[in-house]
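The data below hold one chain only, encoded as structure tokens and taken in the form predicted on its own.
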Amino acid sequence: VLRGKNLGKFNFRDKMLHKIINLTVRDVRFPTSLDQHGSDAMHTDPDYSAAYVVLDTDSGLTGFGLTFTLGKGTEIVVCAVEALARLVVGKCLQEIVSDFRGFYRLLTSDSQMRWLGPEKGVIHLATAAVLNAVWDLWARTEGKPLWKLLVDMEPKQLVSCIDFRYITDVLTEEEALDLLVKAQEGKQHREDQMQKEGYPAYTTSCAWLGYPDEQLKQLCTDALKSGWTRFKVKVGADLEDDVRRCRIIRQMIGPDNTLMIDANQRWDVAEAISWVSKLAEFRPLWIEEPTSPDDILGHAAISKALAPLGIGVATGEQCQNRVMFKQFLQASALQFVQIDSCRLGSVNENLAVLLMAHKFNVPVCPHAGGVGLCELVQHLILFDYICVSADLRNRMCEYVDHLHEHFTCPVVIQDAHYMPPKDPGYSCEMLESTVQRHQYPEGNVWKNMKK
């Protein structure tokens, strides 16, 4: 593995070209619905799944990427990835990263496939899976974890990875460069701080909607013993049930710990305002996804109505692209930005959102959980603190304690903090034994389930 190269010079002359000679994608599913893991008001029986991409190169180095799904429909994302493969196979890593903005636009602007998006839906999920694998390959080539690859890049090279099309009315390339240059001050101190302390996290594992009260209590007790101080509760199916469950959680975690609530898009705008107002006694920091993820003005109305109660609005895990995030920020429609490592177009598009959020002074609290989302997004939030925001106020990254054992480099949580990954890559390589057992429908897990 090659280490210690100066990425800011765009110099690949002393490296193998790493020509991508093959792309494979597999449908990997986990039957999490059996135990109601991941259950919420809108997604009552999720089977955490992934379209899992592997890039093979002529140098023998491999890149791994994925996009997260909930079971049925993963096969559609797999088809979309296969449709994009012709744009990737045959290209050298040098060719891609020396004009990463151009490569991003190549994937998102095919004149025929673009009609299926553009830059949203299944085709964008597929784009994220492919680009995640490319970023993983690049980080492995450099012998660095993805977050360190980004931290070590010069501001000018970071900016060159971003497609500014459609967002220049809010953030120009020159403004982005200026923000990154200004954040260079104190960067090494913040990196050292993250290496020592890690990035603050919150847990969603205690209060899935399908869990009975006794399980909630036990999971809360265990989490408190493990040092967790920030908890999220799923709400939205039944108001009386929400009141009871929020009361249980608030009583268990005490008045000083942080509580958030998440409705997963369940309500209309007026209903969201009324419902959350009735839960205000439990002092939630935010209501997450109170209404349709596409309703920017609806989120703005909810934000305005709940502000006197001290409750913010958080959203983003199903925000389609940087353009929608731009409008959410312009409309003051959210108080917490929740980027997702697979919903947007990988690192490239998330860089744009991180910079826009910083310009609007809105904290970023990423969505995670699922399959591999914690592994992926930890890199982005570390980069955000070290090189963009330089601020931890009202900032934390979601953590869900499911399925990490299936990855070669699982997340490390210490004292409710994400500890920076040390292994090269983007941390989303699965164990091959896991992929074979859980591949749908031919893996043994699914074959046995049908018997």
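As the structure is a prediction and not an experimental result, all values here were calculated from the model. The first residue of the shown sequence is 1; numbering continues from there.
One more form of this protein should be noted, the form predicted together with another copy of the chain, which is absent from this view; the next part is about it.
Using a 4.5 Å cut-off to another copy of the chain in the model of the complex, not one of S98, C161 and I386 places a heavy atom inside that distance. Contact annotation: Q265 falls within 4.5 Å of another copy of the chain in the model of the complex, judged by heavy atom distances. For the chain shown alone, P424 is not a contact residue for another copy of the chain in the model of the complex, no non-hydrogen atom being within 4.5 angstroms. With a 4.5 Å cutoff on heavy atoms, H43 counts as touching another copy of the chain in the model of the complex. In the model of the complex, E142 stays away from another copy of the chain, with no heavy atom inside 4.5 Å.
Contact with another copy of the chain in the model of the complex, defined as any heavy atom within 4.5 Å, is confined among 278-286, 196-204, 221-229, 291-299 to 291-299. Only one of I76, A85, L216, A237 comes within 4.5 Å of another copy of the chain in the model of the complex through a heavy atom, and that residue is I76. Contact with another copy of the chain in the model of the complex, defined as a heavy atom within 4.5 Å, holds for exactly one of A305, I248, V89, V269, namely V269. Counting a residue when any of its non-hydrogen atoms is within 4.5 Å of another copy of the chain in the model of the complex, the hits in 306-330 run E317, Q318, Q320, N321, V323, M324, K326, Q327, Q330.
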